[in-house]
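Each of two forms of one protein chain follows alone as C-alpha cells, named structure 1 and structure 2.
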Structure 1
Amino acid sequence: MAPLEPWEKVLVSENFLISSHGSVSCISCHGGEQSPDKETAHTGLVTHPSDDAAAYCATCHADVVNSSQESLHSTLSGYKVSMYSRSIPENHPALDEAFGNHCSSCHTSCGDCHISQPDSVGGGFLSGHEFVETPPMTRTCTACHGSRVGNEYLGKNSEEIPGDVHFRIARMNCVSCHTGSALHASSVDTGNTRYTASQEPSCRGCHAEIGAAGDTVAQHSIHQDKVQCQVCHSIEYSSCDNCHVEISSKTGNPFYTTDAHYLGFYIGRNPIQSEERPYEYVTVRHIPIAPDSYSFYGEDLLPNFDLVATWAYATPHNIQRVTPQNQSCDACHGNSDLFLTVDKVKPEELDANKDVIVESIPE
C-alpha cells in the first residue's frame, strides 16, 4: 500500500474546528505543550481524555458525567454481580483479576461513543474528531452489542429470520428506545444489573393501548401481566453454551472460547418476578457460563454456581407482529417444543434452573 498523503492523515476536520469543542485548545483536553516541535508538543500527552471524564468532560457536562460514571456502560457492574453471586468473598480477588483481563475492555467512556468507534470494528474517529451527539447505531451500539442484539435486530441471524419490526418497518435505531438519559443512568439506581431496575424502555411506553379499554385484540387482555410481550412477539434468537477465559501462552493476550452458539425460542418461568415484571412466563436464553469458566485463575472459583440460573430472563430484539406461536391458541398452549422443560436442560444444570424450568405446560 502506498503511503498516505498528508491530507489523508488529518485527524481534525474543518467541521470540528468550527464546532463548540473545536473552539477549545488541543492542550485543554490532551495536555502536552504548545510547541511546533513534535516531541515537545507531545510531552505529557493524554490520548484518551474522557477516561478521566470528571477532569475533562465535566467542565461543561457535569450532570451527564456525574451520572454516567456510575452507569452500567462505565462500571460493567452486572458482570461482577453475576460472578460474585456464584462465588464466595475469598474468591473475589481472583475473579477481579479475570474481570480486569477479559471484561473491563468493554467499559466505555464518553469518547468511546461520541468520538470514536470500538476496536471491534476497527477503531478510529467517527467523523474527524467531531463529537457526534447521537452515536451511529452500526458503528457504536451494535459494534459492541452485535452477536446477540445486533444480529437479532438487524435480521442477520438467518436469511429466514427477518429483522425486528421496529427496524425493518419503522427504521428505528437503538436510541429511539434507549434514550441518552437511560444510557447515562447511574447503576446505583438500577441495582447493578439491567433487569433489577424499572422496566424502561417498556413496550407499553409506546403501545399504551395494549390491554386497555377498547383494545380489539382479546388476547392482550387475557395475557396481560401473565406473559412477557416477547413470549408472543419474539421469534428464534441466539443462546450460548459455556465460556472459558484464559491468557494465551504464546501472545500473552486474554481470550475466551464458547462451546456452542445456537438459535431457538424458549419460554420459561419468570426467575425475577416482581411488581415491575409480574409475568409468570418469559422468554429465556442460555448464558455462556460454566462452573469452571474461570479455572485459569484458580480452582473452584464458583462454588455456588447453582444459586443463579443459566437460563436467564431475556428480552430478544427481534419483535414481530405475527409469530408462529401467536397464530392460534393451540400454537402455544400444549406445544412442548416452545417451553423450557426438564429435557432441554443439561443434567448438571438442573438445580441451577429449578426456578426457570416449566414443569406443567399450559393446556
Structure 2
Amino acid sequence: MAPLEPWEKVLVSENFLISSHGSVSCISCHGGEQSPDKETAHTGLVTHPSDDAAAYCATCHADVVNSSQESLHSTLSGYKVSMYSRSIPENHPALDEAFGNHCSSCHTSCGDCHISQPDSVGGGFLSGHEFVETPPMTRTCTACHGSRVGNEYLGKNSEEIPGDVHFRIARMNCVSCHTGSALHASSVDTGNTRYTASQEPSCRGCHAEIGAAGDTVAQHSIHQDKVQCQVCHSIEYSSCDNCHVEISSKTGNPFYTTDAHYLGFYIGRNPIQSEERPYEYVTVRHIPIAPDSYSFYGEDLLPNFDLVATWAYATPHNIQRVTPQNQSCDACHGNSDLFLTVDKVKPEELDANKDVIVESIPE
C-alpha cells in the first residue's frame, strides 16, 4: 500500500458515522471542544481512547477488555520478565526507566489492531475510522512484527529464502493461526512470557496426523516429540546481536544500536524444555541482548546475565515442506553446520548458553 497522505490518515468515512461506534459523538470518546478552529477543538484531546479501554470500551465489550488488559500486547510483560530474569531487585528501578523510554511505546491498544495503523508507522485510519473486525496483516501485525516474523513469513529476508508455505500456498495470514481470543487472552496465569504457556497456536492443532499411525513420512514416526517441527521445516532466519539503548544528547529522543543482524539456521538444545515443549532439539536464534545493553541507565544492571540463554527458543515463521536439512537423514545427522556448536557462540556468552550448546552432533 502507498503511504497515506496526512489528511487521509484522519478522514472519517460515512460508513463510520452510520456504524454503532460512530453513532456516539466524537467528543464522548476523544474529549476536545466544539469549535471550527482546529487548535481550540483539540484542547484536552484524548488521542488514544483505547489506551483506557476500561473507560471507553468495557461497557459493551467487558470480556474482551478484562482479559486484554492483561495480555502480553497490553502489559508487554515479556520484556520485563526478560530484563528482570538477568538482574537483581535493586536494579529494577533503573531497568524500569529504560523500559519506559525504549519499550513501552510498543504497547498495543485495541485501536492499534482494529482502528488505526500503529504510530510507529505513522498512524492513519485502517478504513475511515471504522472498527475493523479482522486486523489487516500488513497494516497492523507486520507494522510492528516486521523485522523478524514479517520478513520471514512474507519471504522478504532475501531472494533465496521463500516465504512461509502457509502464506505462499495456503494464503493464510497471521490471524488464521493467531485467533482473536488468543490475542485477547490474559497472560497472568501463564508466566507472562510468550513461551511459558501452552503452545498457542500449535502445529499439531491443525496437523494432527503428523507422527500418528498411518503417517508415511519416516522422519515423523522416528522423531516424534524429540525434535521440534521447525528443526525440519523452517529455513534460514534472522538473529541479532546486542541492542544498546540510549537517550540522544542531541535530540533527547530514545534510540538504539544493534551490533549485527545476520541470517542463519541453528539447531540447539531446548533451553526451556517442559511438558508443553518437550523437544530435545529446537531452532534457536540470538536475541538482541548483551551485558551492557542498558549501561546508559547504570553500571552492571544485568549481573545475572549468565542465568538466561542469549540463544533463545525460536519458532521461525518460514515453514516449508521440503528444506535443505530434511531432504535426507544425512543432510541433518552428522552435519555440524546446522547445530549450535561451541565455536558459534561468543566466548563471553558460553556460560549463558551452556544448556543450549550442542556438544555431540546426533550421528
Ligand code: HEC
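Bear in mind that the values here come from a model prediction, so they are computed numbers and not experimental data. For residue numbers, the reference is structure 1: its sequence is counted from 1. Under this definition, the rigid core comprises the largest set of C-alpha atoms superposing within 1.5 Å between the forms.
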Between structures 1 and 2, the form predicted alone corresponds to structure 1
Threshold 2 Å Cα movement between structures 1 and 2 for N304, core superposed | no
Can we say the CA of V322 moves by at least 2 Å between structures 1 and 2 when the core is superposed?
-> no
Give the C-alpha shift of G44 between structures 1 and 2, in Å, after superposing the two forms on their rigid core.
-> 3.7
